[in-house]
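Below you'll find only one chain, the form predicted on its own, shown as structure tokens.
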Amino acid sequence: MSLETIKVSPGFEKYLPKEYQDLVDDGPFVKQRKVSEMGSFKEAIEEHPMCAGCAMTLFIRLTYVALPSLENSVIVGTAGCGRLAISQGAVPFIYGNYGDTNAVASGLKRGLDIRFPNQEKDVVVMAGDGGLADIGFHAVMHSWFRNEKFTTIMLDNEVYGNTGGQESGMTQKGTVMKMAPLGKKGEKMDMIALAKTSGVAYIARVAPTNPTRVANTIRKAVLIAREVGPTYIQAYTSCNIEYAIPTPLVMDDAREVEADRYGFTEYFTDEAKSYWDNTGRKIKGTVKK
């Protein structure tokens, strides 16, 4: 990381707001920060209007720590809880219409590659299960079929948490919620199997119980997407409001769900595995504990 794209004009540093000075002097734009340092430096995202204890906000913070180059990254999202935090970050954020995030990301990534042929520009879609598995399903699948080189991260809280508690395609079968009083009838969508069928280069399922593993997984996905093809991360980010999880027990819930049905798993195509083993893992700046 560096400050090659945006530089502070000499002599004006002292006039910048203190928060901006901290971001420039000792923030993630200067060097790759360690997960264990979180909370001790000026992060790319700090204040947000999310619910207390929300697992999604931790995952979003880890994403900003993990990105290989903050100044050369763009995040694409849509309606949902996540955008409340993502839009507060010091990284460009494009708010797409509900359901078209991967279509927007496709055009954006192609345009950036043409405009900046000598500079890696990382596009990352980050949205909820409703925006990606339900209403945005068509755009997600076709971006995968087209082999678009960007990362899709599903913030899977297994419910429409932002609009009152409707079931989504990712809700567990039988789950009873405020706006699904009879319980969900169908099975949870197997987006990982669909990603494999679509030829996605790298796929991972994670819970926020191991921050270093989460950050390394995100970084791995972004680097593989640069060179090989689409990558997909499915992250369990519980909605403690809709599932009535007490704030102090959010991570306990994550550990229980991880042990029961959301254990860490990753998949590489042969090309992605070869790239990662021979080149990707050697790129300077891998997230450290």
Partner chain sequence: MYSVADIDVDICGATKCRLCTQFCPESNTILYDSVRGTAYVAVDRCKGCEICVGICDDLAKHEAIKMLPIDKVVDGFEICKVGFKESLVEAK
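Numbering follows the first chain given and starts at 1. In this text the structure is predicted, and so the values were computed from the model without any measurement.
Although not depicted, the form predicted together with the partner chain is the subject of the following passage.
In the predicted bound form, the partner chain lies farther than 4.5 Å from every heavy atom of Arg261. At a distance threshold of 4.5 angstroms between non-hydrogen atoms, Arg61 is in contact with the partner chain in the predicted bound form. When contacts are judged by a 4.5 Å heavy atom cut-off, Gln32 does not count as touching the partner chain in the predicted bound form. Though the partner is left out of this view, Pro211 does reach within 4.5 Å of the partner chain in the predicted bound form, counting heavy atoms only. The stretch from 216-224, 229-237, 66-74, 45-53 that comes within 4.5 Å of the partner chain in the predicted bound form, counting heavy atoms only, is 45-53.
Distance criterion of 4.5 Å from any heavy atom to the partner chain in the predicted bound form singles out Asp22 from the list Glu271, Glu266, Asp22, Asp277. Heavy atoms of no residue among Phe137, Ser168 and Val257 are located within 4.5 Å of the partner chain in the predicted bound form. Residues from 229-249 that approach the partner chain in the predicted bound form with a non-hydrogen atom closer than or equal to 4.5 Å are Thr247, Pro248, in the order they occur in the chain.
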